[in-house]
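A lone chain, given as structure tokens: the form predicted on its own.
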């Protein structure tokens, strides 16, 4: 795409201007923001409605492109429609939305057909076929656009706006066409949601179940071609694939359910459209299409960093929290072992004893004690040199020791591990094993009282002393 953008800049550098919603002689951000929200300008209303409709359609169709791993198809198709745009203009020597829509759609369908023929009749893979079609059709489109601009009315035609997009040039006819494509996409996805879902995730199963997979695939491609054509006016050939992929990719990071992904992708597309229209309206010669893509990219960055499941920051924070929790639980287990060695005759554990058992310095043990105290697991006495379990800390220590020793016994009895080979595995599993799993292991071990090394396994009466009778 970078090479194509450079080529476009070289070809029409004298005629392509930044796409903007408003033509301003001076810029006051406050006044412009007020004008935007008041929706006083007709061109702004068309641009805003068109951007919202574009965001919805791109989000919906882009979701299926992302889950089908066909992102390059959208890019190739967006470039393949350029010759059709030019031929649609030449048909009537004017920028008629309907003629351009028909020409671009036909060109897009021809492009997808050529890709299929190359795949079926040669040894080339899909990515190579897509690259050939993208470059060839795009080159033809550039030649036709250059030829049109050399016509007597070429520079006044506005055909170059389909290359970079210009939301301000969206007319009432363009909005009606966008609305038609949006409603068609929503209706098709709603009615044939099950078929689209199955063929997107498991083509083999869909084919075995009798679904017309080829018909569904070509229908989605047809809708995709419609979407790309109506999007050209706002974001242009160069950036339309970004509007197809970016909102859907952001939604993909936030959910594992297709219906939620569709809704989120449509919402993110709308947000990107509104942001693009708003930011380009604030100043003079600010481009609408690129701002729309930047808005979508900002949403993706937020999902990438802060997504509840796959966000980089969230995952880092979870790893950090889990690491801290494991460190605290290991310290609690060590305190329990110190008390166990003296048959629980004294409830206090000296910091020196803890450091000696954990083979660490006094300073490291003191830092651990401060962390345990901050989480309400121990209380400190004698200037922090002696630790005492709180009820919460005692309960968690018993749970960790119990998990550890039950797992050791389970590996020894059920899996025939040697008793001296189970400690490291138990050190890992003790922090992640769930309550129900512990109950099941207890039943399988017939509620054993001692681990393979002869040490007592804490029971429910130790962990929940006030309710042991009721829980037993």
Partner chain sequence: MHDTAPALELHDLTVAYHKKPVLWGIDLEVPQGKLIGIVGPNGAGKSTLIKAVMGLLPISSGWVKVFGQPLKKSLQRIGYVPQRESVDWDFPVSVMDVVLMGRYGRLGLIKRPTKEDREVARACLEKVHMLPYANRQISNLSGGQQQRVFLARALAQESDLYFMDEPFSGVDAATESAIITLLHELRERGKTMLVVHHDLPTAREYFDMLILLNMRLVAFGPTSEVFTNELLQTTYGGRLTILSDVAEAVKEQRILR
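Computed from a predicted structure; not experimentally measured. Residue numbers count along the first chain shown, from 1.
Omitted from view is the form predicted in complex with the partner chain, to which the following refers.
Participant: From the list 147, 301, 209, 312, which entry has a heavy atom within 4.5 Å of the partner chain in the predicted complex?
Facilitator: Spelling it out, the residue with a heavy atom inside the cut-off is 209.
Participant: Quick one: of 176, 319, 381, 257, which gets a non-hydrogen atom within 4.5 angstroms of the partner chain in the predicted complex?
Facilitator: Of the listed residues, the single hit is 257.
Participant: Is there any non-hydrogen atom of residue 180 lying within 4.5 Å of the partner chain in the predicted complex?
Facilitator: Although the partner chain is absent here, residue 180 would stay clear of it in the predicted complex, with no heavy atoms inside 4.5 Å.
Participant: Any chance residue 204 has a heavy atom within 4.5 Å of the partner chain in the predicted complex?
Facilitator: Yes, contact at 4.5 Å.
Participant: Report yes if any heavy atom of residue 394 sits within 4.5 Å of a heavy atom of the partner chain in the predicted complex; otherwise report no.
Facilitator: Residue 394: no contact with the partner chain in the predicted complex.
Participant: Considering only heavy atoms, tell me if residue 252 and the partner chain come within 4.5 Å of each other in the predicted complex.
Facilitator: Within the cut-off, so yes.
Participant: Which of these stretches, 138 to 146, 101 to 109, 320 to 328, 195 to 203, has heavy atoms within 4.5 Å of the partner chain in the predicted complex?
Facilitator: After filtering at 4.5 Å, what remains is 195 to 203.
Participant: Give, in sequence order, every residue of 54 to 78 that has a heavy atom within 4.5 Å of the partner chain in the predicted complex, or say none if there are no such residues.
Facilitator: Going through 54 to 78 in order - heavy atoms within 4.5 Å of the partner chain in the predicted complex - the hits are 67, 69.
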